[in-house]
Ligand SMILES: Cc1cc2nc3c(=O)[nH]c(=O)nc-3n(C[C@H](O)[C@H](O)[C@H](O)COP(=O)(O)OP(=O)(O)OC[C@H]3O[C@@H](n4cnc5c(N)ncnc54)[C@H](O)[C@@H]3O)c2cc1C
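Quick heads-up: it's one chain on its own, the form predicted alone, in structure tokens.
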């Protein structure tokens, strides 16, 4: 089986220091129900700018929030994963979208009574924007976390945690809702979240799984109301059919997206299943990932059939 080919992509057509103006055309909650998290599906119209038609599913775009940082300098660009297929939300590549989670947390100093609330500069700004509001955008960025140029030559295991679901909304949509017809590839999407109400785009994925027999949607809840806690790596190890078969198949591509550190469990499960060499470039031969610390894990590079995007 030949390695996947990704073709040429456009990069940094619009640079952060010279952003263009996009306009909000959608901002809607994308959670399954009431949740302690606040996540919105946000679509931005970039028609009439150099960005129109330049994005591919799996890439990201930049947002430049207004104002200055604590040093009095303009805020730096923040990158957001694209959650639309290559043809955009509008079918013409002019409306790009993302899955944005508000960052709200409390800072507490150790050995001190000091504490205060802080919010994400860009995430809350972006989630506050309304239909018609202008936003400064740049991009595209990313050249490897993409679907291959011959999608039907491969099968897919997509693994996400939290808002890491964003690129897979675009990729799954591209595979199954392509204007030339749906892909016949075997596709498995595994999404891990703390609570069932944290599932994003849940109705849409369930509908796709009902309409396409080759698409399988797996939800993994780490803090369920009842039953056992489960994480995505545990779920894959314990679900022999289909994952052991899929990961041993040389047609399979593995995509991992979510919080930094999630790859630790995934890398270890690949070694447990005896397929680490198919997806990873280990820094030293015979490395036991069960005993490896985070500094060693960070030195592991994905091989040709593995795509990793963590934040």
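Being a predicted model, the structure only gives us computed values, none of them experimental. Residue numbers count along the first chain shown, from 1.
Omitted here: the form predicted in complex with this ligand. The next part is about that form.
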So in the model of the complex, does any heavy atom of residue 121 sit within 4.5 Å of this ligand? yes
Contact of residue 6 with this ligand in the model of the complex (heavy atom, 4.5 Å): no
Taking heavy atoms only, is residue 79 within 4.5 angstroms of this ligand in the model of the complex? yes
So in the model of the complex, is this ligand close enough to residue 153 to count as touching (4.5 Å, heavy atoms)? no
Hey, with this ligand in the model of the complex, do 98, 107 and 311 all fall inside the 4.5 Å heavy atom range? yes
Using a 4.5 Å heavy atom cut-off, which of 79-87, 187-195, 171-179, 210-218 contacts this ligand in the model of the complex? 79-87
Within 4.5 Å, heavy atoms only, which of 136, 230, 103, 237 is in contact with this ligand in the model of the complex? 103
Considering this ligand in the model of the complex, which of 60, 278, 54, 252 comes within 4.5 Å of it through any heavy atom? 60
Using a 4.5 Å cut-off on any heavy atom, which residues of 159-173 would contact this ligand in the model of the complex? 163, 166
